[in-house]
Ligand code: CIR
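In structure tokens, the next block holds one chain alone, the form predicted on its own.
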């Protein structure tokens, strides 16, 4: 189906809870402000809904401060869903509740088993392949497990290297359309996007690389005017959403939702 990597009828999000101050972070630049985070999150959900998508809004998950970042728990494809096994042990308990949610949309929800580790933030699905970046959260066993499970639906998995010091592969990239990616210069220089068109983030605006193409919108973090201008000049409809609080926990636009079209 053309455009299945950028066109979606559904999304799942989860509210940030009061425990968000205990969320994981690579560098401590202060705790997120819950009220501001929730305001940004509401804007994000509004952006998804504005495209006509049905958004399932889950309550905060007690005991799991990072559960707002639902993307790491599952990969939703047109044919079925695959539950991840997060590399951060404190996040593995988020998965069962998401599996139950996804069973409301899919007949088939497969599971990555221990000891493999893989998180959705390291997975970029395009029209032609699934790219998976190795990171501190995703290992080769996780990639191999994903390959075994997804090949039944005709997918090819390609392993790529995540830049040193970067949490997730998609921290540095996102899909803009069937043939185009938004990427930082450091990731583009690796050659991993050979055969794709590339729009590079502006110098000093590398944190804008984690955006999402959701139907007719490119939803990106606010505060990166030169990259936003590049996207607009390239013909994309841009919607900026505040991300200052999620960024304190290494989170971005893709982390905050699962995006999919369930089987008919």
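Residue numbers count along the first chain shown, from 1. Model, not experiment: these values are computed from the prediction.
Only in words, not in the display: the form predicted in complex with this ligand, which the text now covers.
This ligand is not drawn, but in the predicted complex it has a heavy atom within 4.5 Å of residue 250.
Among residues of the shown chain, residue 144 is not one whose heavy atoms approach this ligand to within 4.5 Å in the predicted complex. Within 4.5 Å of any heavy atom of this ligand in the predicted complex lies no heavy atom of residue 11. When contacts are judged by a 4.5 Å heavy atom cut-off, residue 241 does not count as touching this ligand in the predicted complex. Residues with any non-hydrogen atom within 4.5 angstroms of this ligand in the predicted complex fall in just one of 38-46, 63-71, 194-202, 226-234: 63-71. Within 4.5 angstroms of this ligand in the predicted complex, the stretch 159-182 places a non-hydrogen atom from each of 167, 168, taken in sequence order.
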